[in-house]
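The chain below stands alone, shown as structure tokens; this is the form predicted on its own.
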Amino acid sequence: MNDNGNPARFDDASAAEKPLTRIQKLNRRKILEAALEVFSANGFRGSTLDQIAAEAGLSKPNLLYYFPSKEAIHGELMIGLLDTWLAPLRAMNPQGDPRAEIMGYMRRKLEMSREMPRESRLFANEMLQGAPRMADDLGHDLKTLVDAKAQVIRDWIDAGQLAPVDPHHLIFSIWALTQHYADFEVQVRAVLGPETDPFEGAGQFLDMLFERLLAP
């Protein structure tokens, strides 16, 4: 379907490469936002194109004009999400103060759990299923970056600037202790009560935990 709701097809490869119009960009954003809501609630297998189209306020044929399949929508979401998820780790500066850099990374990950709970749950769902749609990206982009930052941490440890901890497991612990508040939000709020902001207490606790863990 074109922007007016009429059937449309790309006549050739050059047509497919034309810049998107404002309405096309808006509709793509609507679809991806709707897909994030549906996938994070139902998982990949439990979600349908009909659900995504309804959430986006578009007809299914109109949705299929922008994305040919559920897999294509999910793939685009996951590629963007992985890039977003890795950005704070990329920002860890080898020339910075070691504890400040690691603490800053931890705080940003906790902030992302507060601001992006649906994205965190979508990523967690994919991991729980064995990452069938992300295995290549995890084996290359994620591993390459984590190994590089683990070496930075190891260099700080060797220089006597940090306590002797395993760099990879330090990074894993930051993931686990921050994303828990998004992935298990219902459980956390059930225990703490609806009036309690779990992130305020989490920030204070994690600051104390990692400051003590990392002190040489």
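Note that this is a predicted model, so its numbers are computed, not measured. In this text, residue numbers run from 1 along the sequence as written.
Separately, the form predicted in complex with another copy of the chain exists; it is not shown, and the next lines address it.
Contact test in the model of the complex: residue 142 vs another copy of the chain, heavy atoms, 4.5 Å: Residue 142: contacts another copy of the chain in the model of the complex.
Residue 169 within 4.5 Å of another copy of the chain in the model of the complex, heavy atoms: Yes.
Partner proximity in the model of the complex: residue 45 to another copy of the chain, non-hydrogen atom cutoff 4.5 Å: Residue 45: yes, in contact with another copy of the chain in the model of the complex.
Any non-hydrogen atom of residue 173 within 4.5 angstroms of another copy of the chain in the model of the complex: Yes, contact at 4.5 Å.
The single option of 128, 100, 72, 79 touching another copy of the chain in the model of the complex, heavy atom within 4.5 Å: None of the others qualify; the residue that does is 128.
Proximity to another copy of the chain in the model of the complex, single hit among 61, 164, 68, 57 (heavy atom within 4.5 Å): The residue in contact is 164.
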